[in-house]
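The chain that follows stands alone, in the form predicted alone, written as structure tokens.
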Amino acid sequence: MLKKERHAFILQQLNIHNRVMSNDLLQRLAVSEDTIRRDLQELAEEGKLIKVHGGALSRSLHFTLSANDIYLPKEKKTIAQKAATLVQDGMVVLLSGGTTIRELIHHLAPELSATFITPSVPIALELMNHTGSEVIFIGNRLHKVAQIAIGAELTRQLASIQADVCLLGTNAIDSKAGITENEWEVAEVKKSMCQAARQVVALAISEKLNTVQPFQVCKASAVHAVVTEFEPHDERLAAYRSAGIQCI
């Protein structure tokens, strides 16, 4: 595989999953460790990723309220518009982090009166614009890259919550493997969020469908609905409908 093709593959995987591991790239690209190291270094110098120990992070993962470098913005807007219709007055809603959840907030009705609970710092700040709703930030220790709270204190707080719905920004989802993540601490946060809600709704661009990461968030049977940019009856969602997951 040519260097240009390798770089394109690495960036695609970053756009989909936010993080790539060097060991995984070694296997998938069938090149040497030195080659992967040089590829990541060159892409980092070009400002296309953030090189970290053992791999790289997407620059869009560490976003701020003014960030506008969003992968597949049209698709995420469609997902956000659909998901926003699920939030009604009086509901208690758990929100994860991520650019799709951030877009969702932009489509909430200005007059909405609900209670939002989130461990995500940027999402909590974004929600401050919805003056009619209550915003509760939970957690203690922060994961500086993912910009969410993590740890035992967060798990304890979530255990005392029974939200109406958890709207989950999704790294990977599969009709058999369920929702998975590429970082254990983030997976544990999302797992606790799923357990703290009556319904779990996954928000996922189609490129994240039928993909699996190392750490499980929840089984497919625990997912009530998945929101994608596809039409609900699209054949590409057939496996999810067969698994009893509502497609929106």
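If you superpose the two forms and keep the largest set of C-alpha atoms that fall within 1.5 Å, you have the rigid core. Just so you know, these numbers come straight off a predicted model, no measurement behind them. Heads up: residue numbers just count along the shown sequence, starting at 1.
Omitted here: the form predicted in complex with the DNA. The next part is about that form.
>> Going by heavy atom distances of 4.5 angstroms or less, which of 212, 222, 44, 52 would be at the interface with the DNA in the model of the complex?
In response: The option sitting close enough to the partner is 52.
> Quick one: of 48, 28, 198, 37, which gets a non-hydrogen atom within 4.5 angstroms of the DNA in the model of the complex?
Replying inline: Partner contact (heavy atom, 4.5 Å) among the options: 37.
> Only one of 175 to 183, 28 to 36, 203 to 211, 188 to 196 gets a heavy atom within 4.5 Å of the DNA in the model of the complex; which is it?
Replying inline: Partner-contacting stretch among the options: 28 to 36.
>> Test of understanding: in the model of the complex, would residue 3 fall inside 4.5 Å of the DNA by heavy atoms?
In response: Judged by the heavy-atom cut-off of 4.5 Å, residue 3 is in contact with the DNA in the model of the complex.
> Just to confirm, residue 22 within 4.5 Å of the DNA in the model of the complex by heavy atoms?
Replying inline: Looking in the model of the complex, residue contacts with the DNA include residue 22, since a heavy atom lies within 4.5 Å.
> With the cut-off set at 4.5 Å between non-hydrogen atoms, does residue 77 touch the DNA in the model of the complex?
Replying inline: Yes - in the model of the complex, heavy atoms of residue 77 and the DNA come within 4.5 Å of each other.
> Comparing between this form and the one not shown on the rigid core: C-alpha of residue 185 shifted by 2 Å or more?
Replying inline: Result for residue 185: no, shift under 2 Å.
> Comparing between this form and the one not shown on the rigid core, is the C-alpha shift at residue 209 2 Å or larger?
Replying inline: The answer is no, as the C-alpha of residue 209 shifts between this form and the one not shown by less than 2 Å after core alignment.
> Using the core for the fit, does the CA position of residue 24 change by 2 Å or more between this form and the one not shown?
Replying inline: Yes, because once the rigid core is superposed, the C-alpha of residue 24 moves 2 Å or more between this form and the one not shown.
>> Quick one: with a 3 Å or larger change, is the residue 7 to residue 185 CA distance smaller or larger in the model of the complex? Answer closer or farther.
In response: Compared with this form, residue 7 and residue 185 lie farther apart in the model of the complex.
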